[in-house]
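In structure tokens, the next block holds one chain alone, the form predicted alone.
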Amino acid sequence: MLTGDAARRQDRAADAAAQVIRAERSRILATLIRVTGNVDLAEDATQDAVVRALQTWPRDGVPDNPRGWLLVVARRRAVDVIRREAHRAGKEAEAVALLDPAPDSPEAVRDDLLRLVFTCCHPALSLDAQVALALRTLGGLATAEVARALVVPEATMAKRLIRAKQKITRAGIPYRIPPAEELPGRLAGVAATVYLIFNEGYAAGTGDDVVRVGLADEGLRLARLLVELMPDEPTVLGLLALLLLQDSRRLARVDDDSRPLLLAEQDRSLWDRAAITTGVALVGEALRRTPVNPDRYVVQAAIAACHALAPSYHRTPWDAVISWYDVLLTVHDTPVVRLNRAAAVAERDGPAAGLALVGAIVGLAGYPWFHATRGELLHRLGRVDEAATAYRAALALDLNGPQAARLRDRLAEC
């Protein structure tokens, strides 16, 4: 029986071990997929190594080379599985090769991770499958955790992951880094997947929470991984900057009753200044790397930086914000971008100017924030009956619980 102090020390050791394992798991998996050529075998062997580490490291301490320890255990597990499949010709020789591998260089590990990133986010897979596979393989989430994060039944998620792996095999999706001529398009797909993961956590579409912390954290972790792997790519620098700047407001986004607070209502002293400093530095570096051809994530991060650096909401540099939205429209012209620009114009030029721009936007009938924005601008103009109709239209669509409650409050004021 452990004493209270001993139990706390073991808990701290277990937490430290879990953090190291989380950081190394995707690297182990990526290397094993390369050397075995089998995603399922690599996942099983990696999971076996993780379980053994969680059993022994809290007691014995984290080894000096945790990645080496995990890789040795995982390789041995893979060897055992291959040897049991003795009826498959040539597998004994393969097992021997696995048992005594050459050491992997840092460059080889980096390339293994890049291969895994681009395989998970291959355009032959549906976006839902890409997100699920990225969370499962790169994020190390269990199937049940992925299901909870994406708000689908566990059985449905299990089938989705199986189908995605089967698609990789049947379609002959190569486990490789794309050639230079394919990289820009493929990198955009990877960034979109990571951003979707973060955004579903940062602004949960359904459920009882404004922020689903685990999903937002996972998006940030994957963005940091991309920067680690591709430190010279403006897209990934801009992506991480955008996520850091948005997430810096996390603690200020809800009140004491967990109701959402608009940017104008937030206590800026609660914003994470360290995240803002890092995000702004990344924006600067990314802008220096894109002097001629703007990148959508870099431009969005520049907009976020304008908000993050403003000392108060009323001192937001709306001219700069709107100018950056004009740049964004040249590379990413979508109805949502136009809606966000219209909201910025309303802050600078008044609700009537913003409402005129909102009225010209098409394609957002199923987007709740189109109706909510229109309702807010009508409300400010004193057109309360029209505002109430717009609020009701927003409430008829998917919103998380706290967001819906806030809109109902606004509706009651009409």
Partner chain sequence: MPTYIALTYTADVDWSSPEQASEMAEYREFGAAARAVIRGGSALYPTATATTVRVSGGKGGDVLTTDGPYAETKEALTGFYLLECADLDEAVSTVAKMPAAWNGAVEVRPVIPL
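Since we're looking at a predicted model, the values are computed, not measured. Positions refer to the first chain, counted from 1.
Although not depicted, the form predicted together with its partner chain is the subject of the following passage.
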Heavy atom within 4.5 Å of its partner chain in the predicted complex - residue from G214, P174, P231, G284: P174
Contacting member of A144, V336, A124, V331, with respect to its partner chain in the predicted complex [4.5 Å, heavy atom]: A124
Close approach of R186 to its partner chain in the predicted complex, 4.5 Å, heavy atom: yes
In the predicted complex, R170 touching its partner chain (heavy atom, 4.5 Å): yes
Among 292-300, 274-282, 116-124, 339-347, the region lying within 4.5 Å of its partner chain in the predicted complex by heavy atom distance: 116-124
